[in-house]
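In structure tokens, one chain follows: the form predicted on its own.
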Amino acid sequence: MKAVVKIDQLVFSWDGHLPCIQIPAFELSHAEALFIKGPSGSGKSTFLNLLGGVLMPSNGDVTVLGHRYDDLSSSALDRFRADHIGFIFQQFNLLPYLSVIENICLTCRFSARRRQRALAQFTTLELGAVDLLERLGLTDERLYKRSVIELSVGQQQRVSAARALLGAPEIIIADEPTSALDPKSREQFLDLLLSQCNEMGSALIFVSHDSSLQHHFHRILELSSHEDGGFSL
């Protein structure tokens, strides 16, 4: 099966300093659940930003869904990211002046492709948001029209996941989204997230320093250090 993500001879450094990440080769398959671990400061978030096209490599190629990032203009890359990649951030990055439902629907307001996918499955984006919230275990309808700042950390996490999943993007990138949760909540959330990615056929790239979570995933990779101070998979 053709890889959804392919990296070839990637090198990334900050401001021309020694490389902080060096990855000769990497591939991610369709619907694969990948766990990437490494200590704090090992470049996990930097690697995710390279995969998402937020950062560009100093050398080498990142190709996603057959599109080489270096071949895309800045605006084309923004559209590509919005259409094909869902992000779950460590701090969730929810907008406090929007309701729960409005936060979830936001990504489909920016992507016609994801909006079309969501509307092919649901009558409205709002119904799609509610469906995902229920599947992710947030079933109290009284919360849906409230500001996200009124929610607990665990509830905000589920809202962030639903936002990433709405419109069935081909790739979900999760940057330590469970770091603020207790062990029971972490396990429950991962089970729900993985089941939704599996149902939609989305590949999941999940980064964490917590190795106790890795048994959930198809494949485990570690960012390890080199003598020159950089890291590689």
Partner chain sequence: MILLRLTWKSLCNRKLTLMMMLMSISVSVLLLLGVDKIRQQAKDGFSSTVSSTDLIVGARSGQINLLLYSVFHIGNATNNISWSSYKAISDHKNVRWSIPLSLGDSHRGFRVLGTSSDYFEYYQYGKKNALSFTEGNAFNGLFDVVIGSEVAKKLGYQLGSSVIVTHGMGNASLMNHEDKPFKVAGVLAATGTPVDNTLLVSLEGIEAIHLDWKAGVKLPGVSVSAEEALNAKLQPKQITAFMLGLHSRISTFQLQRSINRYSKELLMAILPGLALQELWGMFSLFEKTLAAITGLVVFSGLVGLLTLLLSGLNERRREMAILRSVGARPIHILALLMLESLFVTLISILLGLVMLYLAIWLGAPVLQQEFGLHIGLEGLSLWQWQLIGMVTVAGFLVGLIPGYRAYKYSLADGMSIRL
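Residue numbers count along the first chain shown, from 1. These figures come from a predicted structure and were not determined experimentally.
FYI, the form predicted in complex with the partner chain isn't displayed, but the following is about it.
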TODO: Specify the contacting stretch among 117-125, 150-158, 103-111, 135-143, defined as having any heavy atom within 4.5 Å of the partner chain in the predicted complex.
DONE: 103-111
Open item on the list: Counting any non-hydrogen atom inside 4.5 Å, which residue from Gln196, Gln188, Asn49, Thr63 sits next to the partner chain in the predicted complex?
Closed with: Asn49
- [ ] Classify Ser73 as contacting or not contacting the partner chain in the predicted complex by the rule of any non-hydrogen atom within 4.5 angstroms, answering yes or no.
- [x] no
Open item on the list: Contact with the partner chain in the predicted complex for Ala82, defined as at least one heavy atom pair within 4.5 Å: yes or no?
Closed with: yes
Open item on the list: If we define contact as a non-hydrogen atom of the residue within 4.5 angstroms of the partner, is Val54 a contact of the partner chain in the predicted complex?
Closed with: yes
Open item on the list: Pick out the residues of 126-165 whose heavy atoms come within 4.5 Å of the partner chain in the predicted complex.
Closed with: Arg163
